[in-house]
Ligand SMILES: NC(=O)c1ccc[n+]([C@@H]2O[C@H](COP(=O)([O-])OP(=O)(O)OC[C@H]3O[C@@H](n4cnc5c(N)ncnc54)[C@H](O)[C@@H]3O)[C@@H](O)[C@H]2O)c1
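The data below hold one chain only, encoded as structure tokens and taken in the form predicted on its own.
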């Protein structure tokens, strides 16, 4: 196959994640938008207005089309297994949003379906695809700073007060930070460490009974080679860790402080139905949060997921606004990184899919790797509930 072959990609789910992926696929030089499916009529209408391709109200007809090579699955978590297996059965390659699934059994079924039908399965933990993480992984693997010892990660956001559908506030259905935010940190730590997680000790907190799912977490990951990672996340819209990034947001865009603004906006929503509508309007395709990164180059920086410091024998690493900071024996230096096409993390996920399909390169973020992230997140939940170390 030609390395320049374009992949025709369909989007399954035009909500927050799918809505952002549309722009990345459309802008990528080796892919094009071929179709979409979503239950929500307004999101379908927005998409159809922008792209001259067929749009469906169900995933199956999209999967059955011969003019689609791969699909990006961004449906609610509980449907990931069914949609990934459906895609494999129809010969479609897959990028599935994180989390891969809600149980290890579902993960295994998805892996088995892809292997049985000879399709590629990649899980899009977007932030572990970020350019800074990829460069840090290269530095660690290259050994120039010696053995990896510690990974420290913490992120404070307004996550729990963004408009949600009811199941997003139910842990059993994949709600809360354990299935939506912690996977970014776990996946990144596992990618950097390069070895399996041995055990987990964690606490989680439900600090607001009006949002009855986990919104706070501290976890300690013990890796097989003795590397340690500490993970902290809070989504309660008080302290905002973007303050420590000079108000560069998660996507690399400049932003203004807004402490408590998500709480105030949510307080003006009367009920769950109106909240779901507000979610679709703001976070679904065509809403303000799915627009491509814009503005002058000086205001477009590298994406991030909170604070991250990696410690090796002979130095430390930290993502910067525009690259990676290396704190070595001889002082500080910065490795600059290009900004990417439109969304660097999603660009990298598309690149990995293209290499796997067209060039036969084994993907890093495949189903087996992603299953390890689900296993670790489930162990965090269990450790917090049982107040003990959980050995994987």
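As the structure is a prediction and not an experimental result, all values here were calculated from the model. Numbering follows the first chain given and starts at 1.
We do not show the form predicted in complex with the named molecule, though everything after this point is about it.
Q: Have a look at 370, 377, 9, 12 for me and say which one sits with a heavy atom within 4.5 Å of the named molecule in the model of the complex.
A: Residue within 4.5 Å of the partner: 12.
Q: Though the named molecule is not shown, can you say which of 158, 97, 106, 242 has a heavy atom within 4.5 Å of it in the model of the complex?
A: When the named molecule is considered in the model of the complex, the option within 4.5 Å is 97.
Q: Can you pick the stretch from 200-208, 266-274, 77-85, 232-240 whose heavy atoms fall within 4.5 Å of the named molecule in the model of the complex?
A: Selected range: 77-85.
Q: Would you check, heavy atoms only and a 4.5 Å threshold, whether residue 135 touches the named molecule in the model of the complex?
A: So residue 135 does not count as contacting the named molecule.
Q: Mark residue 384 yes when one of its heavy atoms lies within 4.5 Å of a heavy atom of the named molecule in the model of the complex, and no otherwise.
A: Although the named molecule is absent here, residue 384 would stay clear of it in the model of the complex, with no heavy atoms inside 4.5 Å.
Q: At the 4.5 Å heavy atom threshold, is residue 30 in contact with the named molecule in the model of the complex?
A: Looking in the model of the complex, residue contacts with the named molecule do not include residue 30, since no heavy atom lies within 4.5 Å.
Q: Does residue 364 make contact with the named molecule in the model of the complex, using a 4.5 Å heavy atom cut-off?
A: Because no heavy atom of residue 364 falls inside 4.5 Å of the named molecule in the model of the complex, the answer is no.
Q: Tell me whether 16, 180 and 184, taken together, all sit within 4.5 Å of the named molecule in the model of the complex, counting heavy atoms only.
A: Yes, the whole trio is in contact, each within 4.5 Å by some heavy atom.
Q: Going by heavy atoms, what in 41-71 lies within 4.5 angstroms of the named molecule in the model of the complex?
A: Contacting residues: 43, 58, 59.
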